[in-house]
Structure formats: C-alpha cells, structure tokens
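Starting off, we have a lone chain in the form predicted on its own, written out as structure tokens.
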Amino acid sequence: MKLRLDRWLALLGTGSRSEVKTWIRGGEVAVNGRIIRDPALSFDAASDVLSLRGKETDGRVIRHVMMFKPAGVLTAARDPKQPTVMDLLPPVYRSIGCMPVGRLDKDTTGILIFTCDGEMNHRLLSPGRHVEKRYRALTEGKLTEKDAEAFAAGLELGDFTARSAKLTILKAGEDTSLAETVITEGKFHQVKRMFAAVGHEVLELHRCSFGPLELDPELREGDWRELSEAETSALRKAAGMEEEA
C-alpha cells in the first residue's frame, strides 16, 4: 500500500499530521536509509523501511491479531466507563484501524480476531459465508440428546430462527453440563439464547475457534499475538478472498 510519508507516520500514531511534517522537513525521518524532507512523497508501507530519529519503526499498516479475550472487558473500540479489548493492545493498533471481527460478550472468553482489512472483516461476518465458530459452554441442568436434536433442527428465538447447529455433550450432570456447539452465525447473545431456548442457563462460555483458527494454547487470558502468514491466508480463504490474494 502506497502512502504519503506524512500520512504514513500519522497513521502509525507517531504524531499529528502537522507534527510529522515538521519532523520530515527537519530531517528526522528516513526511508530505506535515506533522509526524506518532502512530506508528500509516497512509499510502500508494506516493504519500505521507515526510521524516525535514527530508530527503525514498524511501518506496517495492515496487521491481523489473535487475542485470548478475558472476561470482564467489552468487545468495543472504546468505552468511557469500562475497559475494552482495544485497551489490551498497544495504541498503534487502534491508530491503524485494527478492529475486532465480530463480538464476544463481556463475560465470554476465548479467541477474538482483529484485522485492519475491512473487506475481510465484513466477509467473515457475512451470514452467507457460513464461517463456523465453536464454543464450549458450562450450563445449568442436565443436557440430553433431545437438546442436541433441537439445536440441529434450528431454534426459534423470537426475533429470528437460529440455523442448524451441532451440539456435542461432553459431560451431562444433574446440576451442570459441559458441551460444545458450532454455529455459523453471530447474533447478539446467540449461544446463550440457544441454550436458554432448551431450558439451560449458560454459566460460562468460551469460544475455542473462529473459522479455521483455533485459540493458541500458548496464550493466556488477555494475551495476544499477530497471525502468521499461513493463518492470515486461511482466514482469507474462509472469507472467499484467497483468489484475490
């Protein structure tokens, strides 16, 4: 992606547009080892090497992230009263527009993907793509095969009918049960509402996978890392964009 030098630096959150222009004209910015004094010159943010005051700066403006979302934080860009998932990332990710793909409820944990690619974000959330999300749920009461059949048939939730979903019962106790379900939608509180529709309150909910990506077992709650090229390619394929890569 080609960007004007002043816009490139401002996009990375290093300073305001006027500030970075002053730095450039003052000889404080170099690209590929050469001092650049013209803010209007354009460079490739993906391949050219950017330095500010003699220190190399990560100039990538397209990044993709996997986070182990902890409980107690909102999936939102910002909130004046409560912590959000964006607060767990360095400020540069907000600056370049690296936003969550979909949402997880405040008390839900698990894999959350972030991307700067708006088209991929949109496609991954499109109902027509049928991108699978796998959740593990601890519920009240004893789950039965009748519940699994109801999930498979599709559940009427009032404002919409949930599509057929796979419910695998891992442990069925008299007081609580543990199960995994795979859905291809992402409506508000959908998984919790599906279990409620068959008479079981969700006590804990964890998303294990999103599309082709499993939550990295090395990540602890609140940790994050950037996606590998292979993981990014897999997401693009799930979004129907592999042929455009």
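Here the structure is a predicted model, which is why all the values come from computation and not from measurement. Residue indices: 1-based, along the sequence shown.
What follows is about the form predicted in complex with uracil, which we do not show.
Participant: Note which of Val65, Val191, Ala179, Val29 lies within 4.5 Å of uracil in the predicted bound form, where distance is taken over heavy atoms; exactly one does.
Facilitator: It is Val191 that has a heavy atom within 4.5 Å of the partner.
Participant: If you check Cys98, Leu104, Leu167, Met120 against uracil in the predicted bound form, which one has a heavy atom within 4.5 Å?
Facilitator: It is Leu104 that has a heavy atom within 4.5 Å of the partner.
Participant: So which stretch, 208-216, 46-54, 191-199, 33-41, is the one near uracil in the predicted bound form (non-hydrogen atoms, 4.5 Å)?
Facilitator: Residues of 191-199 come within 4.5 Å of the partner.
Participant: I'd like to know if Phe151 sits close to uracil in the predicted bound form, meaning any non-hydrogen atom pair within 4.5 angstroms.
Facilitator: Contact with uracil, no.
Participant: Is Thr108 close to uracil in the predicted bound form, meaning a heavy atom pair under 4.5 Å apart or at it?
Facilitator: Output for Thr108 is yes: heavy atoms within 4.5 Å of uracil.
Participant: Contact between Phe114 and uracil in the predicted bound form at 4.5 Å, heavy atoms?
Facilitator: Phe114: no, not in contact with uracil in the predicted bound form.
Participant: Using the arrangement in the predicted bound form, list in sequence order the residues of 121-140 with any heavy atom within 4.5 angstroms of uracil.
Facilitator: Contacts from 121-140: just Tyr135.
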